[in-house]
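What follows is a single chain, given as C-alpha cells, in the form predicted alone.
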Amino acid sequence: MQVRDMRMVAPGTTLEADLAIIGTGPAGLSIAREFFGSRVRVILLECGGLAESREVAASEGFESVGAPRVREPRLVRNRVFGGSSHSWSGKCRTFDDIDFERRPWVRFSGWPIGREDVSPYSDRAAELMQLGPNVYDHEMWNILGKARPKRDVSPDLLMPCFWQFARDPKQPMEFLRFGPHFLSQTAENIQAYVHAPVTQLCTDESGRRLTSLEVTPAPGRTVRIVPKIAVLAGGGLENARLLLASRRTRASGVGNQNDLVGRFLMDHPRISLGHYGAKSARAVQARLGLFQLRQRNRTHVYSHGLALSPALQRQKQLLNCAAYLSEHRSEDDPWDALKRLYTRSSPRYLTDMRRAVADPMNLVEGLYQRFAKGRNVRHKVDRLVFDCLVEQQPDPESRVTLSERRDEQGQPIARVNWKISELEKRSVAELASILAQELARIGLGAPIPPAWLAEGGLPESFTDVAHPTGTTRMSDDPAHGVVDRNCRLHEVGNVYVAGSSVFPTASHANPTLMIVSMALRLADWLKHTHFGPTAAEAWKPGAVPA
C-alpha cells in the first residue's frame, strides 16, 4: 500500500477522489478494503503517523468536565494508522437481541435495524478478523465439544456469556492490529495519507451537500480534498468534534440542525463485583476460565463469563451487563516468564529463566490442559477479580461539545461531559448480588465482595474503558438521530458516519466486532447506491488475507 505524508504535499493542492475516508481505525480500514482493486478512487486520511509519536499533541487530548475518565486520552483517541486497534485487547462478541429492542424502561433505546440485519455482516467481520464462530451463549458448549456444567446457574437469572479474542495470525502472542495488515496489501486505487488531520468539512450554502475537506498538516498549510462521498470514521469523540467544529456555513456545525451531534455519549462503565484469593482461584478458573477451539488450522480463544438474563432485565427493568474474570497474576508466574523469553521482551533474562523452570509440574499440567483438554494454561495468580461492564441508558445531557482550548492546528478540542445514571448503578448492584448467590449455589463459593456491596449500597464510581459511543446516533427520524439507518447524515446527502458513534445503545459487549460489521454493511450500501456494482466490485475472497 502506498502511503504519503501530507506534510510533503504542497499547500494549496487540491486532491480529488470518489470516496474519502477520515480515520484509519477498524471502521475506516474495513470500508476501504472493500474497495480494493475496484474503479473507485479512495483517499484515506490519518491524522497521526505510521507509528505513535512519543510526544503527546494537544489534538490527542480532550477536556473532561463530567464523571471522571481515568483512561489515558491516547487510549480513547489513537492517533496512529490502525486507530484503536493499536491498543485494544482484541476482545469481541456480537450484541444480543435485547440490545436492538426498544425497551420502555430504557429511555431513547431501540435501533432502526435489528440483529438480523447485522448478523450476515458479523460473520463477514469475524472472517476478516480471524475469529472463530460467532456464538456467545450456551450453544458454545456444543461447538467446544464439551458438556454443559452439571451444576449451572439459573437461566432465569444469569446466562452464559462468551467472548473471543482477535489475534494476529502471524504473531499469535499479539492482538490483531488492523494497520500493518492493511498496509501489507496492494491496491492502486487507494491512496493513504498520514499526518493528515481534517480540520473542516466544507458544504454548499444550503449546508446539505459536502463540497470539500480541508486538511491542515501544519499550522498555515492547507490541502483541499474534493470527494464525491465522505465517510467520517474517526471514533466516538472525533466524529462529533469534527461535525461541531465545521461552522463556516452554520454556527451549529454540519448535520446539527436539531442539536443532536455530540449528545447521548455512552461508554462501558466498569467496576469490580468481588474477588477470590489465590487458594480459591483454581476451581473458579476451571469453571469460568479460557477455552480453546481449533478450526481450519486456527486456534481461537474464548473467555467465559455470566450476564443478566433478558428475562430478568425485563422483570426488574435493568440494563444489559456482564461479569468476567480478570487475572491478577503473580510476579513469578512461569507462563508469563516463558512468554517474555519467547518474545525476547524479558528485561531480566536469568530471573525469568528461573521462574519458568521453578514449577515443572505447572508447565506439564498447562501443556496437558492446552493440548488434551482444549483449555488455556492456568496462570499463577494472586487473586481473581470479577469485573463487570454495563451498558448505559442514553442521556442527551451526556455529551461532547467544543472546548475553549485549541489544538496545534488552532481547532477547538472536545469537551466531554460523561454522565452515569442510577439505572447503571442499580443494574450492576443486582448483577453483583445474583452472581454471589449463584456462584455459592453451584459450589464455587461467593467471591469476597467490594465494600460498597458488603454495605448493601450502590457503587459510587466507575472506570471508563475508552469505548466512546453514541454521539452521532442512528434513527429513522431526524428529530431523534444524526444519521439514518444507512449511516448517512440526515442533513447532508453525501456524508456518512462509521464506528460506534452511530450506535443508539451500546450493549455490554466490547464494540469492535459490531463496528467492523456495521462498516461492512455501510461499504455494501456505498457500492450499490453511489458507485454501482461494476465500478465498486468487492475484492474477491482470498485475494486480501486478513
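This one's a predicted model, so the numbers in the text were calculated from it and none came from an experiment. Heads up: residue numbers just count along the shown sequence, starting at 1.
Form predicted together with a small molecule: not shown, discussed below.
K.L.:
Consider Trp88 of the chain shown here, and say whether it contacts the small molecule in the predicted complex, taking contact as heavy atoms within 4.5 Å.
P.N.:
Contact with the small molecule, yes.
K.L.:
Does Val495 make contact with the small molecule in the predicted complex, using a 4.5 Å heavy atom cut-off?
P.N.:
No - in the predicted complex, heavy atoms of Val495 and the small molecule never come within 4.5 Å of each other.
K.L.:
Using 4.5 Å between non-hydrogen atoms, is Ser84 touching the small molecule in the predicted complex?
P.N.:
Yes - in the predicted complex, heavy atoms of Ser84 and the small molecule come within 4.5 Å of each other.
K.L.:
Under a 4.5 Å heavy atom criterion, is Pro511 part of the interface with the small molecule in the predicted complex?
P.N.:
Flag for Pro511 set to yes.
K.L.:
Specify the contacting stretch among 192-200, 130-138, 101-109, 255-263, defined as having any heavy atom within 4.5 Å of the small molecule in the predicted complex.
P.N.:
Going through the listed ranges, the match is 192-200.
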